[in-house]
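Read the single chain below, which is given as structure tokens and is the form predicted alone.
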Amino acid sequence: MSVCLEIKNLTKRFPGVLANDRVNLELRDGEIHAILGENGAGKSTLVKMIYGLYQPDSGSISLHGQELHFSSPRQAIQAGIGMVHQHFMLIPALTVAENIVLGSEPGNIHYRRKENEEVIRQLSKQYHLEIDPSAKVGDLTVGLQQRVEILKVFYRKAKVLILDEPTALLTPQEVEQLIQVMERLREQGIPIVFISHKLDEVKRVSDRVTVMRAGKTVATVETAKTTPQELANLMVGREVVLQVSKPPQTAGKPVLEVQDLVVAQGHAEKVRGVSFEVRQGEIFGLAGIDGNGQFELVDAITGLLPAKSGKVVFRGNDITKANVHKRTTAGISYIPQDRHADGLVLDFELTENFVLRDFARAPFAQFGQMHRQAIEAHAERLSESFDVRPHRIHAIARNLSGGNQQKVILAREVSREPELLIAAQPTRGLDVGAIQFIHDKLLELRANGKAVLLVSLELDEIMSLSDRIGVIHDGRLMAVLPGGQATREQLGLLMTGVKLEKEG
């Protein structure tokens, strides 16, 4: 199999950071080549240089033996390199066809809508990416929007496809569909660079894996000849524990009681009569397919959405009508599912993000004045104990990798010593090292007698961490099962609305 794309000794520096250090990579014709690494390992910097978004300081990029020098993505596209970014670059108000041809419209001044929609319809059939060309992009699911991005690439006649963390925003069902798309593209001889930090996906879909760590390529291996454990160790540079170790524990009194809760958005009821409790020293996992009311339920518990009826009781007190501030000061901490929109102020320093919940109270403030010294000492302590990298407390939150941004949120919420931690998608988009760290912190809270409500779309995470598992479907709690006894098959049936038959 001939080499399609060759990277030699590629190096890229930013102020204070050596992002890529003499990186080497070979992509062969008709293969899926995974680039695996922790958050901040340099994966995205590498593919952005291949795509012309960044220019390397040294080293070379060659396509079919010809050395390339891109000063913009347009030149990379013209050379036959297409990239689908983790965060899509689509215009929601335009149709599928309009988004795909934007910037390369046939017909120049006169946009021929029907003709272009037919072109896109044929293109989608050719690559088995069926989609309605006339649909508004804003009305599509995330998985279908990703199809639009892939079709944009092939409309511009790409010969190499780069997928940057393509599964980070997808549901499990959409991930499955994407993997099938990738396998069909490989059958058509299209080489794919697949950026990921998810070992199971890499093991399943790739032919070869290049592992990056701290900006360097540390190994390239054939996927079939390695194990997830070996890949994890290469990623992190140490022995990684892939199996969660959860000692048995007896749960205490109820900390959170949700009683017949109904939550509506507009005229639609998103949560329909849900009841459960979370006790001291336990992790209660809430499983379900995305869009079945679990995150509206969380918003009602945290005070971000009002309850239409029912009760939320915290440590024996009815907090159904309490505002967010009162719930926070009562002892509830919250890791939101969207760290950018709800977890951080991205343009604030880490010092400020560490005290977002408590900036108005002692020791961080007094008589309306913030105490910078106390805030900085707090930030230094949390940054060190939660291993936030880089160890610079005045760094802007936006400039941290996703894993380190999540550590900032975790550090802030856990350091408040809450009686209840609500963790919504706490490891979404994170690498194996960061996931292990966050799991350990959740288990630490459990061991200290705290209550944890874990809401996750990752079934493995729910099953490995939870003492009890509730399954939500269409806004209703289908069942609550013991964590150690629930099977993947049982949970899968409940998640799709099928009630389990009682034994005996």
Partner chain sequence: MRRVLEGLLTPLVSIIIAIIIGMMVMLATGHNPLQAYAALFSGAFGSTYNLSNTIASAIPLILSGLGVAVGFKAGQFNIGAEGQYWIGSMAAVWVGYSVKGLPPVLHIALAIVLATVAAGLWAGIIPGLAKALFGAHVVITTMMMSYIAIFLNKYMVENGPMMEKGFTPQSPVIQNSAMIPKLIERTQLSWGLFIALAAVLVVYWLLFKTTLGFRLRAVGSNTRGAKYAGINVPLYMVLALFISGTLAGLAGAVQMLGVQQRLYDSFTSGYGFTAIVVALLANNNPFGIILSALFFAALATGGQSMQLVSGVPAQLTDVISGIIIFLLAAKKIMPVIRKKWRKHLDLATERGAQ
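Residue numbers count along the first chain shown, from 1. Nothing here was measured: the structure is a model prediction, and the numbers come from that model.
The protein also exists as the form predicted together with its partner chain; that form is not presented, and the subsequent description refers to it.
Participant: Identify, from the list L356, A135, A377, V221, the residue with a heavy atom within 4.5 Å of its partner chain in the predicted bound form.
Facilitator: Flagged contact: L356.
Participant: Among G293, G403, P191, G343, which has any heavy atom within 4.5 Å of its partner chain in the predicted bound form?
Facilitator: Checking each option against its partner chain in the predicted bound form, the one that comes within 4.5 Å is G343.
Participant: Just to confirm the contact call: exactly one of 176-184, 208-216, 317-325, 249-257 touches its partner chain in the predicted bound form at a 4.5 Å heavy atom cutoff, so which is it?
Facilitator: That would be 317-325.
Participant: Would you check whether its partner chain, in the predicted bound form, lies within 4.5 angstroms of a non-hydrogen atom from each of E26, G42 and E165?
Facilitator: No, because E26, G42 and E165 lack any heavy atom that approaches its partner chain to within 4.5 Å in the predicted bound form.
Participant: With a cut-off of 4.5 Å between heavy atoms, is E352 one of the residues that contacts its partner chain in the predicted bound form?
Facilitator: Answer yes; at least one heavy atom of E352 falls within 4.5 Å of its partner chain in the predicted bound form.
Participant: Do K125 and its partner chain come within 4.5 Å of each other in the predicted bound form, heavy atoms counted?
Facilitator: No.
Participant: Considering non-hydrogen atoms and a 4.5 Å limit, does its partner chain approach D431 in the predicted bound form?
Facilitator: It does not: once its partner chain is placed as it appears in the predicted bound form, D431 has no heavy atom within 4.5 Å of it.
Participant: Is L304 close to its partner chain in the predicted bound form, meaning a heavy atom pair under 4.5 Å apart or at it?
Facilitator: Yes - in the predicted bound form, heavy atoms of L304 and its partner chain come within 4.5 Å of each other.
Participant: Heavy atoms within 4.5 Å of its partner chain in the predicted bound form is the criterion; list the residues of 366-396 that meet it.
Facilitator: Residues within 4.5 Å: G368, Q369, M370, R372, H394.
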